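As a starting point, one isolated chain is supplied in structure tokens, in the form predicted on its own.
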């Protein structure tokens, strides 16, 4: 497997929303945040999508001295140079993975702000397989994905997720415009869906913790 082992992690409501229709994504208990920070210290890199940057502007802080590479999947280089993932990067490196049509002026602005820009393929969208191969080449063996829903879908569609960890908050938020754990086009049939094998069940504060192994899909490695 010439790519990192990929762990998809998220906190969500019981109805599968990772953010409300207004963008509120505070689903983790203090105890779950401790778990997340432990998990961040156990990986070589953390990946998020550009929509997460634009909506939440996370720092992706890592406690206990961890220095994982921080990656934004951003086909058109829409990440602001002032995004906190860049300005609060500390000793961690930041990579913005862009597609072949990312405007040069945006790419240069990100470089000047201190981010590395990697063009993953020639097409408009980031080629995730090319990106994964490059990360593996750089020694990234374990990758944590923290969303959002569209990035989660793209990775699952390509068969690039090995493990799923979710912290479920016992609330129901509803809303057709609220972001779900997996967005995108979605699989057309249940038979095509990503199958999961339950590995463990636990608790962290008010969160229920579920850990799954992704099972191979037909036609996927």
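These numbers were taken from a predicted model, which means no experiment stands behind them. Positions refer to the first chain, counted from 1.
One more form of this protein, predicted in complex with a small molecule, exists but is not displayed; see below.
Not displayed here, the small molecule is approached by residue 126 to within 4.5 Å at the level of heavy atoms in the predicted bound form. Among residues of the shown chain, residue 41 is not one whose heavy atoms approach the small molecule to within 4.5 Å in the predicted bound form. Using a 4.5 angstroms limit between non-hydrogen atoms, residue 179 touches the small molecule in the predicted bound form.
Of the heavy atoms in residue 202, none are within 4.5 Å of the small molecule in the predicted bound form. Contact with the small molecule in the predicted bound form, defined as any heavy atom within 4.5 Å, is confined among 132-140, 82-90, 110-118, 69-77 to 69-77.
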